[in-house]
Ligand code: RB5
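A single chain comes next, written as structure tokens; it is the form predicted on its own.
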């Protein structure tokens, strides 16, 4: 169950981050801000994604949301941290599937791609679904073995 959420953003996602933070706070989630709050164009998304991702990986956060122009740079950075399964989504169905099949622990989207209301729907679908486990757990285990460098030749 996700209760404490880190939310990070670069300069392109300030307004969307605030709208999503307010939306989630009103629903009782604890929100920890990892993003920028002022328009400074020399911010770098890896510097925002990394500490949030580490805190998700080590359990200080139950999940994370990262926002940049497209969500792509944030997801690439987040996925370099062991234990992170960050996904970029632009619509609610993919957010749901990312949770129930992939147990995604960080949600990324682009402030230049989705508006506030679509972003709220995306977040709702990600938060209100649980990982199904079962056959999907085997795949998560395989992803983890890739991450640990132990994915052997017995996996084709």
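Everything quoted here is computed from the prediction, not taken from an experiment. Residue numbers count along the first chain shown, from 1.
Only in words, not in the display: the form predicted together with ligand RB5, which the text now covers.
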Contact stretch among 47-55, 64-72, 97-105, 31-39 - heavy atom within 4.5 Å of ligand RB5 in the predicted complex
64-72
Is residue 11 near ligand RB5? Define near as a heavy atom within 4.5 Å, in the predicted complex.
yes
Determine whether any heavy atom of residue 112 comes within 4.5 Å of a heavy atom of ligand RB5 in the predicted complex, and answer yes or no.
yes
